[in-house]
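First comes one chain, alone, set out as structure tokens in the form predicted on its own.
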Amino acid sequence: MSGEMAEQPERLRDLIARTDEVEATVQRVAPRPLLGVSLVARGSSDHAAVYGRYLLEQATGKAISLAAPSLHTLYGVRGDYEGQLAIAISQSGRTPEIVTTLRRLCEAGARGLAITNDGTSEIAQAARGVIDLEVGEERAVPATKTVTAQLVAFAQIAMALGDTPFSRDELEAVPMWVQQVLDDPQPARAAAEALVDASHLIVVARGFLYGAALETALKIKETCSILADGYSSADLRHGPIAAVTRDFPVIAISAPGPAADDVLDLVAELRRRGARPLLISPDEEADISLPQGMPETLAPIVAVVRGQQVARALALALELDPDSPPGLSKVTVT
């Protein structure tokens, strides 16, 4: 896991260098007119899709949906997907229900695009076009470099389909920001020390960073066997906050932008309740720092790396093997 995390700046730099190629693939596959986008994924790939949903809806102004694979694999639903771009996301490209769902959507009129780390996989064969991440084999069970590459791929797709709230230069700066985080592991270690007695925790964010919260919670579950839930800060206020009692550990993720005040207000409220929030942010008062100057729309890529660091450091503090969590495998058959 450590080695694959360390590869991320170089791997992302190589993928970003292929942005023109990726954009050309997307523009070739996307229907005209584009009526909407359906995203198909599970696990970490689903968290990348959550990020993609925010990014693509802002860029295109079209409805972006997360498909429910069970409707297609268990219930046999047949819909009308004419004018839809169906984007299936799978690191291995071999998750059976993701492959099946993509095929069903395409049979119903969608045009399929695959995001995968195996350009010869079943999901690639089922699609009209493929974004091959080309980040190399990932051996640790917890996905790291494939996830950040998927997030970058969604940024590239957004650039291909519409107007993005970040520039090409800012996208090209992402590997540098990731390297800054990797070169500064101490905040994650300190967070792990603060969380080592936790039996459960919550990770919160809002807007573009919501997917990063979900992914950080999953990494902690996978590597540490701790029940960690990811929430939107808005959803947490709608009931679940009642479970956040004194000394309850919470990781909050924020970056400058429209959602920042809401997350920071929540952190203040959690402190008043006696909870133990840890803030991941570029803010000077953050417990776990992020690089300054990143646009909010690209910050999730870097925040996910901070989440990986925290999860790995906590697993080691608990004397667990983060590479091989018990009962998990690299490809999950559903």
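In this text, all values refer to a predicted model and were calculated from it rather than measured experimentally. So that there is no doubt, residue numbering starts at 1 and follows the sequence shown.
Not pictured, yet referred to below: the form predicted together with a further copy of the same chain.
Engineer: Residue 232 near a further copy of the same chain in the model of the complex, any heavy atom under 4.5 Å?
Structural biologist: It does: once a further copy of the same chain is placed as it appears in the model of the complex, residue 232 has a heavy atom within 4.5 Å of it.
Engineer: Look up in the model of the complex whether residue 80 has a non-hydrogen atom within 4.5 angstroms of a further copy of the same chain, and give yes or no.
Structural biologist: Residue 80: contacts a further copy of the same chain in the model of the complex.
Engineer: Though only this chain appears here, would residue 100 touch a further copy of the same chain in the model of the complex if you measure heavy atom gaps against 4.5 Å?
Structural biologist: So residue 100 does not count as contacting a further copy of the same chain.
Engineer: Though only this chain appears here, would residue 245 touch a further copy of the same chain in the model of the complex if you measure heavy atom gaps against 4.5 Å?
Structural biologist: Looking in the model of the complex, residue contacts with a further copy of the same chain include residue 245, since a heavy atom lies within 4.5 Å.
Engineer: Within 4.5 Å of a further copy of the same chain in the model of the complex, do we find a heavy atom from each of 91, 189 and 267?
Structural biologist: Not one of the three qualifies.
Engineer: Sort through 135, 113, 140, 218 and report the residue having a heavy atom within 4.5 Å of a further copy of the same chain in the model of the complex.
Structural biologist: It is 218.
Engineer: 282, 295, 31, 43: which sits within 4.5 Å of a further copy of the same chain in the model of the complex by any heavy atom?
Structural biologist: Going through each option in turn, the one that passes is 43.
Engineer: Of these, 274 to 282, 23 to 31, 302 to 310, 46 to 54, which stretch puts a heavy atom within 4.5 angstroms of a further copy of the same chain in the model of the complex?
Structural biologist: That would be 46 to 54.
Engineer: Who in 65 to 94 is close to a further copy of the same chain in the model of the complex, meaning a heavy atom within 4.5 Å?
Structural biologist: If the 4.5 Å heavy-atom criterion is applied to a further copy of the same chain in the model of the complex, 65 to 94 yields 65, 66, 67, 68, 70, 71, 72, 73, 74, 75, 77, 78, 79, 80, 81, 84.
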